[in-house]
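Single chain ahead, by itself, as structure tokens, in the form predicted alone.
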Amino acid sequence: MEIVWLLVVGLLLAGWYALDGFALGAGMFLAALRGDARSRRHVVAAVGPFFLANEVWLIAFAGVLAVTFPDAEAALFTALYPVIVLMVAAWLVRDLGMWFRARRPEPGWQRWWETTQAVASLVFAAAAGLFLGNAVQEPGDGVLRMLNPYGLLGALTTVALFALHGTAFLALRTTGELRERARRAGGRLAPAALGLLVLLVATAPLASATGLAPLALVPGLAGPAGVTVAWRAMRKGRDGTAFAGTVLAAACLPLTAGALMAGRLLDGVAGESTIDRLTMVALPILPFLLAAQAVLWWVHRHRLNDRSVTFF
């Protein structure tokens, strides 16, 4: 069952990257819509139905990791606690931006919280990438050690990839000028995201504490392929294919890191009785989590228009 739970942990983190990644990317895109109140409202309306459900994946990942692989969780969370504090702070501020922007009608108030949301989304994405880049290595204490070249490369790659993912999502969910702006921004972001992702994957064996892991080659190659597919699809106006490509690329980033860390995680697996109890209680919940996400996407499968509900 250890392998099953290793796959579950990877699925949960990949799910968060694929789902909340577009919400963070769309949040960053708010910064490019200065002065366009109508488009900014549509961005918030596009993300609104999904962002709380997306966050469940990160919470579930942290909980399952702590129970199934307690030694790895303790080592990572102790060594990288400044990055985790930054992630949680940015997470809270991002959510405050969503909740507070519509509490008052003044344009200045709404612009303030939309800008706050854009900055917090960027910081959240960068902190997630910094965590992943350091986790692949042997994490060391001290903030300066965390700002190592591979950790910073992970942060830049995650920001670029989430920004691209957000533009693909907005192109899929919106119409008119906002859709065209998202497509143009995605076309400009794609080369940078692809270059950073290829560099991150190519240097992973040098940075990894366990060296090259053949299993990491599958997601490591699939991620750049997903960005390439998304780039070509954006140029041809195929929004569904472009979004599918960025979903694949975002999910493959943590899966590559997880494959590199698999041996270290399995060395610190929980006792057999803990794994058995967790399997009985938690594993049956996963199909319901997946089904709930499918229903949510089916209900909100149509493109937005001026009559669409803004949840926040």
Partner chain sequence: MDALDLARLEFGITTSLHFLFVALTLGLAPLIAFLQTLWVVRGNPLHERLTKFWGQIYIVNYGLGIVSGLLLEFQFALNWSGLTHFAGELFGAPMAMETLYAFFVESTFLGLWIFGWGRLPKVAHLLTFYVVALAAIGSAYLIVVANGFLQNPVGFERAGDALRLVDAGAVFANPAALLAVGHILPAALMVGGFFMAGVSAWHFRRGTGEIAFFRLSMRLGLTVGYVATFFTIGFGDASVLWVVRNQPTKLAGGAEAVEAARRMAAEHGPGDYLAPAWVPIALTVMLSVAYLYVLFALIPIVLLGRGRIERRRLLLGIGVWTIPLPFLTVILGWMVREVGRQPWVIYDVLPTSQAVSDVGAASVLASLVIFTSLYVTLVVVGYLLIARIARRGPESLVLGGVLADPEPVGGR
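Nothing here was measured: the structure is a model prediction, and the numbers come from that model. Positions refer to the first chain, counted from 1.
Only in words, not in the display: the form predicted in complex with its partner chain, which the text now covers.
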Report the residue, out of 244, 266, 31, 56, that has at least one non-hydrogen atom within 4.5 angstroms of its partner chain in the predicted complex. 56
Have a look at 192, 96, 152, 222 for me and say which one sits with a heavy atom within 4.5 Å of its partner chain in the predicted complex. 96
Looking at the partner-bound form in the predicted complex, is residue 236 within 4.5 Å of its partner chain by any heavy atom? no
Does its partner chain get within 4.5 angstroms of any non-hydrogen atom of residue 262 in the predicted complex? no
Heavy atom to heavy atom, is residue 180 within 4.5 Å of its partner chain in the predicted complex? no
State yes or no: in the predicted complex, is some non-hydrogen atom of residue 105 no more than 4.5 angstroms from a non-hydrogen atom of its partner chain? yes
Its partner chain in the predicted complex reached by all of 49, 85 and 292, non-hydrogen atom within 4.5 Å: yes
Mind telling me which stretch in 164-172, 69-77, 202-210, 225-233 gets its heavy atoms within 4.5 Å of its partner chain in the predicted complex? 69-77
